[in-house]
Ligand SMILES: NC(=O)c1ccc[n+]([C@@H]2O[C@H](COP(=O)([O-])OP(=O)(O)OC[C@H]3O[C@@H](n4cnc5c(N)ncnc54)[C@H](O)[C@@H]3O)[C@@H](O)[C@H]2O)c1
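Below you'll find only one chain, the form predicted alone, shown as structure tokens.
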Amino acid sequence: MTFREDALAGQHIVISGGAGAIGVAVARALADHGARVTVNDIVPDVDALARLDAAGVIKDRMQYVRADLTSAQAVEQLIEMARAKFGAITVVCCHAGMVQAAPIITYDDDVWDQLMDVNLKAAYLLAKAGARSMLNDGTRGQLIFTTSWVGAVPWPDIAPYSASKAAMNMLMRSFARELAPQGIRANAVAPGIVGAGMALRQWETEPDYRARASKAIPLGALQTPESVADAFLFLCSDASKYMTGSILLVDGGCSLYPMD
């Protein structure tokens, strides 16, 4: 174990998208190291709790709140329920996101709108509400955004996703710049090609994608959700206390050179 088991003791961390394959790994790592975790997603309660239980998330250190964070009202309710259960919030992880692949010139306009709502608007609303909560409680907290290596390096067929992550990087830096005088930090985790969700399905079923992705990963293997969780663990710990406005690339070297 890299960090002490009590490395996050006393922290209350809110994470959106916490019932997904990467999210449950992050929630488990945070709870395993002493944090109380409010997990949010749009998955029905029964399914989300089953996923979190299967991942081994410590039950008495976790609560699940189902909410669609593209609604400002739902975000406020999430923050209220989080504080009611575990008290003042110390870290907000804007992790929820979606991706759908299609060539840029045929990309569906409605899917573009949905993707921007989920990836960017929801992150903005959650970060804003979380920061206000920290200011009201006098907490010197942190906002953490899940971006991606493709926010800086284009990847075929996911142009809207890449654009949303590039925008999120600047959103994070804007929060960092404006809130630093109040003691609130903002940073981002930028994973590579994670062996979960759509990337894993394509890796397993599309030979062309697998060949392209293999070439794009200098370290040679798909990223594990646990390696993403390790990055969150680092940023949530005191080891990152002098970081703000930073993008922590954890991508196996994908961003080192153009794949083509």
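A residue's number is simply how far along the shown sequence it sits, counting from 1. All figures in this text were calculated on a predicted structure; none of them were measured in a lab.
The same protein has a further form, the form predicted in complex with this ligand, not shown here; the description that follows concerns it.
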4.5 Å heavy atom contact, residue 35 and this ligand in the model of the complex | no
4.5 angstroms heavy atom contact with this ligand in the model of the complex for residue 219:
no
### Task
Decide whether residue 20 counts as a contact residue for this ligand in the model of the complex under a heavy atom distance cut-off of 4.5 Å.
yes
Is the gap between residue 187 and this ligand in the model of the complex 4.5 Å or less for some heavy atom pair? no
In the model of the complex, the residue from 29, 62, 231, 193 with a non-hydrogen atom within 4.5 Å of this ligand is 193
In this chain shown alone, the residue from 89, 125, 143, 96 with a heavy atom within 4.5 Å of this ligand in the model of the complex is 96
Counting only non-hydrogen atoms, the one stretch of 134 to 142, 161 to 169, 81 to 89, 102 to 110 within 4.5 angstroms of this ligand in the model of the complex is 161 to 169
Contact check, 49 to 75 vs this ligand in the model of the complex, heavy atom within 4.5 Å, ordered by sequence, gives 51, 67, 68, 69, 70
